[in-house]
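First, one chain by itself: the form predicted on its own, in structure tokens.
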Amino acid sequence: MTTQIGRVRGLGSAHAGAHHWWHQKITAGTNVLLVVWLLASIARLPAYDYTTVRLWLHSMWAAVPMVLLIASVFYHFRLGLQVVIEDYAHKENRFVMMILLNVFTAAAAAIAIVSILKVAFGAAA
């Protein structure tokens, strides 16, 4: 037998706990680390022309963290806008807006990741 407080401790009104909150904090941390890496990597480039940046991104040491950065940023973006939609959208529009948000973030992240992979694997522009 458990008490009522024991059954709901750590769960919140939606009975989902702090799962969403933790994902936002983790992606915020990874975003900070990966943006610092990106700025340091770009600062170390000898030039900032198209050819230099393309050669830099052709390296797997640059392409893999860039893909991780894109994935983390777009997931964090989706989590943040989900909270805004849940808090401020009317019930009738909430479902449609969540679907549009998911489609938009998945499509935008996919376009960015495919673009990075095209450069990394040397596909013709």
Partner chain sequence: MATRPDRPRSPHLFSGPLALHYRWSPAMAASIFHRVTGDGMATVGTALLVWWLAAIAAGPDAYAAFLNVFTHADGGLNPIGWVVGVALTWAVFQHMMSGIRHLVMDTGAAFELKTNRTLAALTFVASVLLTAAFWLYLGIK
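C-alpha atoms forming the largest set that superposes within 1.5 Å between two forms make up the rigid core. Note that this is a predicted model, so its numbers are computed, not measured. Residue numbers count along the first chain shown, from 1.
We do not show the form predicted together with its partner chain, though everything after this point is about it.
Its partner chain in the predicted complex is approached by residue 74, whose closest heavy atom lies within 4.5 angstroms of it. Although the partner is absent here, residue 103 lies well away from its partner chain in the predicted complex, with no heavy atom inside 4.5 Å. In the predicted complex, its partner chain stays beyond 4.5 Å of every heavy atom belonging to residue 91. By the criterion of a heavy atom within 4.5 Å, residue 48 is counted among the residues contacting its partner chain in the predicted complex.
Residues of 47-85 lying near its partner chain in the predicted complex, listed in sequence order, are 48, 49, 50, 53, 54, 56, 57, 66, 69, 70, 74, 76, 77, 81, 83, 84, the criterion being any heavy atom within 4.5 Å. Remark: with the core as the superposition reference, the CA shift of residue 68 between the shown form and the other one stays below 2 Å. Relative to the superposed rigid core, the position of the CA of residue 31 differs between the shown form and the other one by less than 2 Å.
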